[in-house]
Structures are given as C-alpha cells and as structure tokens.
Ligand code: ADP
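In structure tokens, one chain follows: the form predicted alone.
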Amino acid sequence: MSTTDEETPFDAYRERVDRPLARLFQTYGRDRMGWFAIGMVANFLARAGALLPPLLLGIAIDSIFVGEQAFSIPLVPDAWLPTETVAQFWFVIAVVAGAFLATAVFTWIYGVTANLFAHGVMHTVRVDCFQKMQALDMAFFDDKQTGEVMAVLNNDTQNLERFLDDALMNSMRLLVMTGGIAAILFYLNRQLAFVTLVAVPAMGLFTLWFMRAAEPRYVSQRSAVGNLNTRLENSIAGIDLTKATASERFEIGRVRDASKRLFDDTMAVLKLSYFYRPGMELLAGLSFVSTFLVGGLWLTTGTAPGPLTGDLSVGDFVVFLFMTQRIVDPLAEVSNIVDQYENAKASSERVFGLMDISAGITDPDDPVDIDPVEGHIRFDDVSFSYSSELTDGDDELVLDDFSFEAEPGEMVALVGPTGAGKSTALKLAMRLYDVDGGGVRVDGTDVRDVRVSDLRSAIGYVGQDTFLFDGTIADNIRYGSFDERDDAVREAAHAAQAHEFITELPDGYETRVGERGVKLSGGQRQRIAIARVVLADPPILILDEATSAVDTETELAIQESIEELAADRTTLAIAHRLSTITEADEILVVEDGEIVERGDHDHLLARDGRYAALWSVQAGVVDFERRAEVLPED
C-alpha cells in the first residue's frame, strides 16, 4: 500500500473505519449518557418553552383584544383558566414570563450538561489516542509525521467536542422547533400550515446534496491540517540548520505552500457552506413570504384564496408570522450542523483509524520472568528489514545472518561505516523492532517471550542523539527512575562527569533545559543522558556513540566513567572513535548488515583487514592504496 503526495499515512487506516460517529457514542458516550440525557431533556424543555409566547400572543389577540374567540389554551382544561378579561390578561402575562424564565433555566442546564458530556468525551479520546501512540511500535513513528499525530490529538478531538456540544444540541433545537412549530401551525390552521411548510421537502433534498458534496472536501481539509502541522513542527525543530544555511526563504516557501493547500481546501469547504446557508435562508424566506401573502389576502379580502376554505383569525395569522420567523433560524442552522457533522466524521475516522492500528511489539500471553537479569545476550542468525504496510514489505534487508554473543560482564563493540546496520542491531536488542528471522535472546530467553517493560527496564541506553524533556536537569536525570532521591541524582551526575557544569548553572540541578534541551550544549546533554543511565543502574548497557558530542578532554573523563559503569555488566557499544573500544572483549566489524570481521583489538590489528585500515586512518598513519583495497566506499 502506498500513498500519493496528497495522501497521508493515516488515510490508509482511516478508510477502514466503519460508522465512526456511531462508534464514538458506543465507545466513549455510553458512560456519560446520564449527562447527555439530562442535556437533551433540558434542551427540549427550553425550546418548547420558547414556543409558548407567540402562541399565547395569538390567543390574547383573538380572545382578549379583539374578542372574536373564547379564551382557550391547547392542552389546558378550560376550568383551570380565568373567565374575566383582566384576569385572562394577567394570566397570559404570567405564563409568558414563566416561559421565558423556564427557557433561560433549561438553557443553562443543557449548556452545562452538554459541555460536561462533550468535553469529557474529548478528554478521554485525547488521552486514549496518546496512550495508543505510546503502545505503538517504532515502525509507526517511522511512517508517521509529527504534525499528523498532533492534528489527531488537538484538532480532531476539538472537532469531536464541537460536534458533541454544538451540533447535537442544535439538532435537538431544530427537531423541537420545526416539530413543535409544525404541530402548532397544523393545530391552528391545517391549510395555511401546508403553505408555510411547503419548502421543507426542498430543504431536505438540498441538505442531502450538501452532505454528499461536503464530505470529501472535509477529508481533504483534515489532511491539509496535518500536513501544515508537520511542516511547522519540522521547520521550528530545524531552525538551527535553517539559519546556518541561510535557508529561511526556502522554509518560508514550504510553509507557504502547505498553508496555501490548507487555504484552498478550507475555501472549498467554505464556498460550499456559503452557498448552502443562504440557499436554506432563501427557502425559509420563501415560506415566510408565502405565509404572509396567502394569510394577508385571506384577511384583507375576507375569503380564503384559491382552493383554501374556512376562516383565518387575526391572532392565528400573527402566530403564523411569528412561527415562520422562528423556523428560519433553526432551518438555516442546518448548514452549521452539517458542517460540524462532516468535520466530526472525518476527524473520528482519523481517531479510530489510529486506534485500530495494531501494535506488533506486544507482551506475550504467558511472559517469561527474566528477573534477575544476568546479561547474557545472543543474536542467532538475525535478519531484519524496515518493511511496513506502507512499503508493501519490499524493503531491503538491513541485517542478514547476524550472529554474535556477549557473556555477562563483557563488552561487545560494533564498528563500521554509516548505514551498515549497527544501530539497528542495538534496537533489536531492546525490541524496538522485531526480527524478521532468527532470534535475539537475553539469558537464553527470546526477547519476544519476555514482558516488554521487563526487558527495557533491564537495559540502559545512551544514543548519539540525546533527547531531553523540557524541565529541570534533575527531572531529566531522574527520568525513568522517578522515585530516586536528590542525593542519588547528584551521585549519578558525578559519575557521568556532569556535576561540575551543572553546579555552575544559575539554578544548578533545578535549571530548566528548554525544549529538547536547547539551553545546553551537545556534550552537556550527553552527560546528562549518561547520568540517567547511571541512576537506573541496569544490568545491560547499550551505548550508541555515547561520547560523539563531546570534546576529547570530556570524552576521556566520560570514558573512565563508562568503563567503571560497564565493569560488571554486559555492554553493547557503537563507536566511530576506535580509541574508546580498544578494551572491548570482542569487536564486530559490520558492513551492509553483515559481520565481516570479529575479534579483540589486538587480534583485528594483527589480521590487517578492515578494522586495521580504520585504525590506521584514525591513528593518522594512512596507506591510501591499502585503504582503497580494504575499506568499502562509504
């Protein structure tokens, strides 16, 4: 399965989702149906109360002011009503005032309960989406863009909240107002009611057309939002490179293109909405004009026009005019309801598309307990490629027939050109990915048979690209060992040669490092990462060029700490600086996903092969002819 330039990786999953809004209610609305029901009932009563004043006005005109009819209110026994004109007048005033008060109270109730329901669903959906992302494999994040993920967590959940809050409640308002108004009109004058409501079928057909035309435009708009979010996130994250290469104009152009796409897709939606809403208002206006024309002729001529028969009172005509005006707003609101419905449908498809992605890295049904971990690591004929649903599984092998063993307490180092597969091998040891063939074992147990959290808790990892969270230095050292005391944090910093520079900062260990640790140098960030591993004290260490971002003097200091830390635990290390792994128990030279040489430092030098050529290059003694013979082109 592949994606086009206009598609995002989420589209492949979104297309599989069936009845997303129904599923939204089933999954997230069921536990909150109490609030939803209270809101709907309160909304019904508020809208019903709003229909009373115009009805009572018509009755008052015919019974009190003109005196053409007896004072009577539908569904209210005449025995309950006053008989004197003045009393009837004050009765109408009291009921109208009560209706307005009830409308205000029930509107407040449904507003509170609707928001409790909608925002509660939004909160749970957002947390569940984030929890799902945390459970997904690294392969998911290889395929997905950060902006798309942020669009699901923010924009899509907000669209669902607006739908659950505004659209559903406005739908109830529409049903109550149109249903109630139609019932009152038919009760007062069936013939004129047909004239007033003649445009309703046309509105229904117009709405159906709008829904079908709008849906693909909303899908495209949601995709454009994710695309723009990704572009903005990447541009901000890479601001150093942008400025260093004077590429501001290029980045502005890319953001402009992404923003223009969102602008075009949004305008496509709005153009349709701006055509639909005035169209609905026009149809509703035609209903009012028809009512005024027919009713006015009826009253002024004293006879029913055309095929109509019977009489029409002034009061009933006034009620018709008021009710026709009242029906315009809810009918015109259909455009917003449909707008929010289509937006929510597209968003819920993306949300459940995410929720339906299966995680390949999961705990086995009956996990093996490996505690305590001794640290025996074995790779048996491992093969691996970064294939996924979006690459049709056609990726080339990154590792092939990859085998080695590390006994407890030993250090095994991997060296070789960039892209040879060294880092991939270490990721397989942590089970960030699963092997395609062969197996990775810890203490004789395949890592796929172990609880993932148990495996990763036994491994300390320091990579070449150190990530720090926005927070204090102490918080970042303590990350993963959240309950450790302050003195343990300081001891770990000492061991990582980080204590000195930390104490020189304005707030010491409470200094905030900024997003991604931008306030610290690369070497400082790397020492904090090493301190984090020292604090965790795992039985297995994985070092992926752990000293790559430090100067030579700092490297020597850190190397001493690493050697002390690695003395009684298994260590897998990648190093471009061969001087840092001369004491390794075994060195593996990796090229194109295969181990082409293995042995300790002295053995490999004596062999005078690829490792020896690499060593001579770094030692400054280079035989270029010999180097060309032995080393592959990088």
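Since the structure is predicted, the reported quantities are computational estimates derived from the model, not experimental observations. Start at 1 and count along the sequence shown; that's the residue number.
The form predicted in complex with ligand ADP exists for this protein as well; it is not shown, and the discussion that follows is about that form.
A.B. asks: Would you mind picking out the stretch of 354 to 362, 420 to 428, 303 to 311, 336 to 344 that comes within 4.5 angstroms of ligand ADP in the predicted bound form, counting non-hydrogen atoms?
C.D. replies: Result of the contact check: 420 to 428.
A.B. asks: At 4.5 Å between heavy atoms, is residue 398 in contact with ligand ADP in the predicted bound form?
C.D. replies: Flag for residue 398 set to yes.
A.B. asks: Though only this chain appears here, would residue 501 touch ligand ADP in the predicted bound form if you measure heavy atom gaps against 4.5 Å?
C.D. replies: Result no; residue 501 lies far from ligand ADP in the predicted bound form.
A.B. asks: When the contact criterion is heavy atoms within 4.5 Å, does residue 386 count as touching ligand ADP in the predicted bound form?
C.D. replies: Yes.
A.B. asks: With the partner left out of view, is residue 433 within 4.5 angstroms of ligand ADP in the predicted bound form by any non-hydrogen atom?
C.D. replies: Result yes; residue 433 sits at the interface with ligand ADP in the predicted bound form.
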